[in-house]
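Here we start with a single chain on its own, the form predicted on its own, put down as structure tokens.
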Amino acid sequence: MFNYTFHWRPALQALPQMLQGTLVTLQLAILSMIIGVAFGVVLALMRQSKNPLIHFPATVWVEVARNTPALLQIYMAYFGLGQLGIRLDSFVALLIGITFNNAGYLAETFRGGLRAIPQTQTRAARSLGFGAYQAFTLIVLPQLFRVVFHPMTNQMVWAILMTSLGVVVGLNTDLTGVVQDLNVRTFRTFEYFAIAAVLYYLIAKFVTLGARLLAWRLFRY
């Protein structure tokens, strides 16, 4: 029979601790996106190269990131590198794992975005005296981010949710880690994780809404 008694007051009293964990979650997600975007652009350009020495490493990165579990990638950053003598704390290992995954997905998003931009844009810029670097950064890159803005928003939400995997490598300062510690001490699993689920949902919705407002502000013309 269902005889579970809910106790919401202790869980709500722990809300400040959960909010502190939420800040760490956002910090991880934002850092992984910033670094992931930088690597993603480079990987997308490398994949367009006809030189196999440039194309092949980028392809390996993208294929591994997109076709293996994110949990495995985090394990490799924490336990795998540890076996090689490279000791990383949980925060850094999780950041590396999420960034690796983000960069792989973003690289394909950016590669599709680059294909959507006519090559005549670059040729026109070069004909006006722009160098190759100037043409890319001033003409192509702004158009690229406009094309891929909404897929990047989805990837940001995915990065936020991926931070919950930090608990498997001992991270106890993010939202899931804080909730797990509270659960171990109180055994009020449903209450704590229900509140955590609501917080993750609200964060994801806030990011999505914020991105829509930003897109309307930046791309309305």
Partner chain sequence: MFQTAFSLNDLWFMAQGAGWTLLITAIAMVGGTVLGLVFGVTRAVLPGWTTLPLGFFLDIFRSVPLLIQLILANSFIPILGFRASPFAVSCIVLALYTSSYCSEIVRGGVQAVPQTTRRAARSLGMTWWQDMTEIVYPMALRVMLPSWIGLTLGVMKDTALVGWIGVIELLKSSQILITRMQNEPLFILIIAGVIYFLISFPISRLGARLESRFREND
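Values in this document were obtained by computation on a predicted structure and should not be read as measured data. Positions refer to the first chain, counted from 1.
Keep in mind that the form predicted in complex with the partner chain is not shown, yet the notes after this line are about it.
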Worksheet entry | Heavy atom within 4.5 Å of the partner chain in the predicted complex - the one residue of F91, F100, Y75, F145 that qualifies | Y75
Response to the item:
Exactly one of V42, I54, L161, I34 comes within 4.5 Å of the partner chain in the predicted complex through a heavy atom, and that residue is L161
Discussion item. Although the partner isn't part of this model, could you tell me whether V178 comes within 4.5 Å of the partner chain in the predicted complex, counting any heavy atom of the residue?
Written reply: no
Discussion item. Please tell me whether any heavy atom belonging to G80 falls inside 4.5 Å of a heavy atom of the partner chain, as the geometry stands in the predicted complex.
Written reply: yes
Fill in: the partner chain contact in the predicted complex: M46, any heavy atom under 4.5 Å
no
Worksheet item: Taking heavy atoms only, is Y201 within 4.5 angstroms of the partner chain in the predicted complex?
Response: yes
Item to complete: Give, in sequence order, every residue of 186-202 that has a heavy atom within 4.5 Å of the partner chain in the predicted complex, or say none if there are no such residues.
Response: T189, F190, F193, A194, A196, A197, Y200, Y201
